[in-house]
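A lone chain, given as structure tokens: the form predicted alone.
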Amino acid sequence: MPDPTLPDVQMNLVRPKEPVIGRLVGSESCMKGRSASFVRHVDIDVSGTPLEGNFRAGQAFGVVPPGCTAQGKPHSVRLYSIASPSWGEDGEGKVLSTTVKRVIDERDTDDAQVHDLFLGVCSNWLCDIALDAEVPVTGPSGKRFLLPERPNDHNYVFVATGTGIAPFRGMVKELLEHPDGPCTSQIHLALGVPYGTDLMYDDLFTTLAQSHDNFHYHTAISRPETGKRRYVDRVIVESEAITALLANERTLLYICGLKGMEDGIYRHLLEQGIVDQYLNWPDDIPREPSNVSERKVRAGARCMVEVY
């Protein structure tokens, strides 16, 4: 099989220094249950702006929160993965969505007298605002973390941790709910989270797996109340079906989430003798499992990676 052909996409139609105004039209929790984390699915109407009809599943858009930093400078743009299919939440490309986790943590400092909370400026603002509030938006950005132009030519293995699930919500919906009919290829989605209540869009993926024989939904809980810890790379390693699918020349691998999650998957590709199908491994780096995190080992044409 040739390398996948990715679609041409619009880029940076709206620059961070001159954002346009969208409006919040939806905001709801997308968690499976009550959790120490707070994650919301947010819908933003971008009709009448350059973003209308010009974004794709897998791209990102920017949000510029109001106010200024402690130094008196305007807040910088924050990027969020688009969680809707390319036709938007409304079917006409006017409403895009994203997955927003509130950033709430103790301030990291060596000063023993400082132990107050750090609150993420943009994430908490986006989760706080009421419906119909104005949202300064920019973008879109990203031209590689995309579905191919001919979806049925490929199989798919999607691997996510946490809010890395956002682009896969849009991609899975695009593959299975397309107006021209669902994709008939094999699709596996693996999601790793700390607790079972942290699972995002669980009802959606469970329902899609029940109604589409070619879609398979896997979860990995790293801090379960009972039982053994399981990380998302183990889903790939322990699944004979996924391993066999990765050996197929039609398969594309997508990875999104916390940096380091890819290492276990790369080691598995190396052990299975299929690493060259997905990675560009320089000749001067020994092909040993310990070297998979070497910065010079990069994703190839059939492997799309977004880690942070």
Ligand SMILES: Cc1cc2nc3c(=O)[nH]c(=O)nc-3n(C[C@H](O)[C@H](O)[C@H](O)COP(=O)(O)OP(=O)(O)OC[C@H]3O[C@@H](n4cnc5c(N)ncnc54)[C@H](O)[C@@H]3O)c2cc1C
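Keep in mind that what you see is a predicted model, and the values were worked out from it rather than measured. Start at 1 and count along the sequence shown; that's the residue number.
Below, we refer to the form predicted in complex with the named molecule, which is not included among the displayed structures.
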Checklist entry - Tell me which of 128-136, 168-176, 214-222, 92-100 has residues with heavy atoms within 4.5 angstroms of the named molecule in the model of the complex? => result 92-100
Checklist outcome for this item: Among Glu106, Glu149, Glu238, Asp203, just one has a heavy atom within 4.5 Å of the named molecule in the model of the complex, namely Glu106
Item to check | Arg78, heavy atom within 4.5 angstroms of the named molecule in the model of the complex | outcome: yes
Next on the checklist: Even though the partner isn't displayed, in the model of the complex is Ser84 close enough to the named molecule, meaning a heavy atom within 4.5 Å?
Outcome noted: no
Checklist entry - Can any non-hydrogen atom of Tyr231 be found within 4.5 angstroms of the named molecule in the model of the complex? => result no
Next on the checklist: Does any part of Thr161 reach within 4.5 Å of the named molecule in the model of the complex? Heavy atoms only, please.
Outcome noted: no
Checklist entry - Which residues, if any, of 288-308 lie within 4.5 Å of the named molecule in the model of the complex when only heavy atoms count? => result Glu306, Tyr308
